[in-house]
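This document opens with one chain alone, in structure tokens, the form predicted alone.
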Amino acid sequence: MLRGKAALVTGSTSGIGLGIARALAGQGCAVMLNGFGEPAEIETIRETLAQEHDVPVSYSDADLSQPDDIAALVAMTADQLGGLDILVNNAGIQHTAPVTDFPADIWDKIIAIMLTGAFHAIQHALPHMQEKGWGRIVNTSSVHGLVASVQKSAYVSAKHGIMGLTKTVALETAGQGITCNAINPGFVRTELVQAQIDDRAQKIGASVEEAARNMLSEKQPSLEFVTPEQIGALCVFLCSDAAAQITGVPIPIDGGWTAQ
């Protein structure tokens, strides 16, 4: 379905981003991976994606907190993959602490990577899409782009900001063959969430799996984690012709979290 298209997926060496990259490659899309990790492991991921799906797959370790790195990443994508049709802003980090104790430098870093970084990526990617008259921007937000939780002030603020950016870009590109939407996952058992589960297990003196169930029971009525594969499938749909008139909206995939 996406053969001949080129996608940049930030934060795609693991977790949600990798799930999205795999789903796009599975539809014939060339992919630019981005993120941090062990070079050998990342190269294995890149080679596997390329071979399994017979598509070009490149990789960049661009730092999404650095505007110059983002500009270079977009240019590299267009140069190596022959264009940039799909942008998925997915890179993210997490830190939990009460507002009164939240380190200012970590606040700045979270906002820089998850909100300001997305702005710069969109700004540089849009001319490529406008030139072709077709484009898809998918921002990985969160249920925390719609509701809040304690001790996540920077994360919640960044994700709420992403929702405003999504709506604004959607309005500015309406009628240009370009859409901009946000996917809002609930709990996905990524490394970020696993760290919270491990911390909870220690605090309540429970096993890791008991802590996981405890976490789900507080927020996610389905009592099941959302998977990267499910999010990847949703992203593919948003990139399809069937979703051409869906723009500027949050799409929760959260096991009923935001229905409460």
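Numbers follow the displayed sequence, beginning with 1. Not measured: the values here are computed from a predicted model.
Below, we turn to the form predicted together with nicotinamide-adenine-dinucleotide, even though it does not appear here.
Peer 1: Just one of 114, 121, 86, 182 has a heavy atom within 4.5 angstroms of nicotinamide-adenine-dinucleotide in the predicted complex, so which one?
Peer 2: Of the candidates 114, 121, 86, 182, 114 is the one lying within 4.5 Å of nicotinamide-adenine-dinucleotide in the predicted complex.
Peer 1: What is the one choice in 178, 125, 165, 91 with a heavy atom within 4.5 Å of nicotinamide-adenine-dinucleotide in the predicted complex?
Peer 2: The residue from 178, 125, 165, 91 that makes the contact is 91.
Peer 1: Out of 127-135, 170-178, 153-161, 78-86, where are the residues with a heavy atom within 4.5 Å of nicotinamide-adenine-dinucleotide in the predicted complex?
Peer 2: The contacting stretch is 153-161.
Peer 1: Can you work out whether residue 210 and nicotinamide-adenine-dinucleotide are in contact in the predicted complex, taking contact to mean some heavy atom pair no more than 4.5 Å apart?
Peer 2: Residue 210: no contact with nicotinamide-adenine-dinucleotide in the predicted complex.
Peer 1: Taking heavy atoms and a 4.5 Å cut-off, does residue 24 contact nicotinamide-adenine-dinucleotide in the predicted complex?
Peer 2: It does not: once nicotinamide-adenine-dinucleotide is placed as it appears in the predicted complex, residue 24 has no heavy atom within 4.5 Å of it.
Peer 1: With the partner left out of view, is residue 13 within 4.5 angstroms of nicotinamide-adenine-dinucleotide in the predicted complex by any non-hydrogen atom?
Peer 2: Flag for residue 13 set to yes.
Peer 1: Using 4.5 Å between non-hydrogen atoms, is residue 188 touching nicotinamide-adenine-dinucleotide in the predicted complex?
Peer 2: Residue 188 belongs to the contact set for nicotinamide-adenine-dinucleotide.
Peer 1: Considering only 191-210, what residues come within 4.5 Å of nicotinamide-adenine-dinucleotide in the predicted complex, judged by heavy atoms?
Peer 2: Stretch hits, in order: 191, 192, 193.
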